[in-house]
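So this first bit is one chain, no partners, the form predicted on its own, shown in structure tokens.
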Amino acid sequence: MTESLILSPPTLDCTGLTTREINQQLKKLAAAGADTVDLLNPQGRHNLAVAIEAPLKVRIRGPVGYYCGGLSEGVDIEVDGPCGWSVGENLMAGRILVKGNASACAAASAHGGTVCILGSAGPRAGISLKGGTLIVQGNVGHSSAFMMQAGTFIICGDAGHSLGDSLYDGTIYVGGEIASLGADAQLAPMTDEDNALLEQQLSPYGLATQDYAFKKIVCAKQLYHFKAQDFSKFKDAY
């Protein structure tokens, strides 16, 4: 890439660059001490800002494709538009804010940090979530939180069918309607601690807890250990 594409303050124009060149340049800017970089003309590019292991703020001025921010640790990404599937997959720490809708599998297998979708998310949002927090201001599709293992998943809108199917652990909050719960997911009473957590997580994004009638979903722990004599539990669950 040519150095003329880098302006001050750091601005990177994606036009004419390969995705590898864009991500390498982000890492170079972070190593050089930049704290914020603006990405212009992303044009739905896949794999932007992946594997960034630095406290770098990346402001992406437009829509992005799949895997945005995946495998990163400590990065702070803002996307001015929608994103493709698996935004923040395997995120270790940091934050990804999407100012639009997200496709399937948002925050899949994320271990830490926060992914916030200021729109709706497609099916399997929070699939195999291993830690951290996923916030969706709108609705989520079917099979969201499938095999979720840890962390917090906050859905302000409605949830599709089979929410929390095969849930291992972690907590899901839903502010709207739930089409159906998956196997081994159950409703639990809301507590003052739950409301305090929701306030803490939502207020930075201008969302008010009192605007929603949140319900709490946890694992029923009926399918943790397979026993031959309990076969009917598995058969009936699936």
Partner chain sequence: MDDPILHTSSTFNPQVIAAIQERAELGRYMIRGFGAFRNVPRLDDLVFLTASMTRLPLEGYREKCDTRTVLGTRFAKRPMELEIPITVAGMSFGALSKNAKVALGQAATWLGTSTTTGDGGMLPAERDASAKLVYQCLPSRYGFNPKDLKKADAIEIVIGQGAKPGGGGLLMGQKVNAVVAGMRTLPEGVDQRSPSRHPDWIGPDDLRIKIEELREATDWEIPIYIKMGATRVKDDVKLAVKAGADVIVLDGMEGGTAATQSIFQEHSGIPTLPALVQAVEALKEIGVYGEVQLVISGGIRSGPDVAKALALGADAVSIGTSALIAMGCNKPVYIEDYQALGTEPYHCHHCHTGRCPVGITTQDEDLMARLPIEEASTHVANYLQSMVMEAQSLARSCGKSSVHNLEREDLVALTLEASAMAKLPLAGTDFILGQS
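Remember, predicted model here, so these are calculated numbers, not experimental data. Positions refer to the first chain, counted from 1.
Just so it is clear, the following notes concern the form predicted together with its partner chain, a form of the same protein that is not shown.
Site annotation in the predicted complex: the residue of 162, 90, 120, 133 reaching within 4.5 Å of its partner chain with a heavy atom is 90. 53 is the sole member of 199, 38, 35, 53 with a non-hydrogen atom within 4.5 Å of its partner chain in the predicted complex. Contact check for residue 19: a non-hydrogen atom falls within 4.5 Å of its partner chain in the predicted complex. Heavy atoms of residue 99 never reach within 4.5 Å of its partner chain in the predicted complex, leaving it off the interface. Among heavy atoms of residue 114, none comes within 4.5 Å of its partner chain in the predicted complex. Interface membership of residue 67, defined by any non-hydrogen atom within 4.5 Å of its partner chain in the predicted complex, is confirmed. Only one of 133 to 141, 154 to 162, 75 to 83, 102 to 110 places residue heavy atoms within 4.5 angstroms of its partner chain in the predicted complex, namely 102 to 110. Site residues 27, 71 and 168 are all in contact with its partner chain in the predicted complex, judged by any heavy atom within 4.5 Å. Shown here without its partner chain, the chain has 147, 149, 150 in 135 to 150 lying with a heavy atom within 4.5 Å of that partner in the predicted complex.
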